[in-house]
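Here you get one chain, nothing else, as structure tokens; it is the form predicted alone.
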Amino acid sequence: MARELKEILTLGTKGSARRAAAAHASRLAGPLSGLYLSQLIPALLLVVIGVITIWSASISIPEANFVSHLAGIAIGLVAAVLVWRYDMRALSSMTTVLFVLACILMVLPRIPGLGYEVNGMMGWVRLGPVRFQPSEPSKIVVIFLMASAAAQYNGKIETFRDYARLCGTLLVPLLLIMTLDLGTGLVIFFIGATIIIVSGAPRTWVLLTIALIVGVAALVIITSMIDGLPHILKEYQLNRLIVFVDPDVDPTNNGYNLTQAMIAVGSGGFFGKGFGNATQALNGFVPEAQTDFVFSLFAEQFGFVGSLVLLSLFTWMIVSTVLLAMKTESMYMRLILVGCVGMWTFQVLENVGMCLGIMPITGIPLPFVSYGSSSMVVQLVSVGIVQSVWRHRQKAA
């Protein structure tokens, strides 16, 4: 009898221990259950890499204000948490409001007393002591706008009229921003085009649209090169496209920038020169090494291996977001994720490709790495958007 009582007590003790362990594990998992770690971890690691890179830049480049960079990260993290807690479905029926907001952001730099130039580009707004680029938050607004407009077709656009309406929704803010910032315009175009394609646009219509865009782009470039015809492209924009084909055409300006960026990347070798030893980028040979050409700065310090790690983190983050989109039942939420993927993918390909000489020179920052508070806040908000989709994924679609 005593032995049986002892076994019962032992089993009870073990059962209590197991229940206590399960409860403890549940409490530990609770705070993390609302986080999509597969996307969050690489994003935060990219932020850390950006901090290290801008820290090295701040040693020699006065424009790379390290404190300002950290402040941008802090603001971005707070904004990301707020977005994470918010259910994005509340915006799914606000297409008109989002369209108006996108257009307002595009024209803000043109308002006298608000807009001003930085490095010859009229794309900044000053509100008291605060200055920012409205084109950056416009990327997020366009993601919501196009997702809202396209989600109503439930993954299949059946009439050309609906397809044309979607393209027109994108075209208006796109034309407004292209007159100010060609680089951001390309990002917004890629975001919108990706969402339209994934929303069920027939392949024939998409191919015809691409052919039309190529034709219009070629016409714009040709007319901008001939005296007496309307020059839609600004001179510096045209020069950037020309030196992509032949850097020697403009050896003292854009051609020089491209050549020096490529030299910096190549000089990093396999393992790089080490932190703070980027002799090309940090000694003034590579212009805007903390922003547009930040990949050259990073590659020179950390070499092929470091660059491979950097690109692997971007791939991890993008693929994990795609996988989440494939599992998301709500078409609106799925298209939001597609928009974020489009934004990251194009910016990474363009910024890295520009430094390697395989893409034209544009002022597109490298997500999470380039110096610039406006860009950093927007990129961290995009992380919050993905986390919000994950957190609210079990609610009704």
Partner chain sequence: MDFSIVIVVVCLVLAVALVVIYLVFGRSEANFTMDIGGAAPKAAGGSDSSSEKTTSSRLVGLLVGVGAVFSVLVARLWSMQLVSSEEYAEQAERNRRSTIYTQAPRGRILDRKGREIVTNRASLTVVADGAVVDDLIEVQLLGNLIGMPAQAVRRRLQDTTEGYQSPRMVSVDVSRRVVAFIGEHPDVFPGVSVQERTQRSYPHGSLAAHVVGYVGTVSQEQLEASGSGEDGTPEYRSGDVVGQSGVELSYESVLAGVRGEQTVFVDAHGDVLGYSTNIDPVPGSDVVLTLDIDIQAAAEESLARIVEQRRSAGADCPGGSVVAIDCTNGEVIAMASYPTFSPNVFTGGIAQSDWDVLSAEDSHYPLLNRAISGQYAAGSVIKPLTSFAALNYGIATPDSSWYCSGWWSWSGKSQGDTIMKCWQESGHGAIGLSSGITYSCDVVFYEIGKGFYNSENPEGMQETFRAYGLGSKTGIDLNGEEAGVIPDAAWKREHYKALGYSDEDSTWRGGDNCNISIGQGDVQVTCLQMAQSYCSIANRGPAWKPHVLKGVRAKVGESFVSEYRPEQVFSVEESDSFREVIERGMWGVTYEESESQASHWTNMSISVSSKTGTGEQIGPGRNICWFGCFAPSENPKYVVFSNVDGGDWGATTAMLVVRDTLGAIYGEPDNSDAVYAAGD
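Residue numbers count along the first chain shown, from 1. The shown structure was predicted, so the numbers you read here are calculated from the model rather than taken from an experiment.
Below: the form predicted in complex with the partner chain, not depicted.
I'd like to know whether residue 352 contacts the partner chain in the model of the complex, with contact meaning heavy atoms within 4.5 angstroms. Residue 352 belongs to the contact set for the partner chain.
Closest heavy atom of residue 265 to the partner chain in the model of the complex, within 4.5 Å or not? Residue 265: contacts the partner chain in the model of the complex.
Give a yes or no for residue 295: in the model of the complex, does one of its heavy atoms lie within 4.5 Å of a heavy atom belonging to the partner chain? Contact with the partner chain, yes.
I'd like to check something about residue 273: if you look in the model of the complex, is any of its heavy atoms closer than or equal to 4.5 Å to a heavy atom of the partner chain? Residue 273: contacts the partner chain in the model of the complex.
If contact means any heavy atom within 4.5 Å, which of 69-77, 101-109, 127-135, 209-217 contacts the partner chain in the model of the complex? Checking each option against the 4.5 Å cut-off leaves 101-109.
Sort through 35, 59, 356, 48 and report the residue having a heavy atom within 4.5 Å of the partner chain in the model of the complex. Exactly one residue meets the criterion: 356.
Only one of 43, 364, 338, 54 has a non-hydrogen atom within 4.5 angstroms of the partner chain in the model of the complex; which is it? Residue within 4.5 Å of the partner: 338.
Mind listing which residues of 273-292 have a heavy atom within 4.5 Å of the partner chain in the model of the complex? Heavy-atom contacts to the partner chain in the model of the complex: 273, 279, 280, 283, 284, 285.
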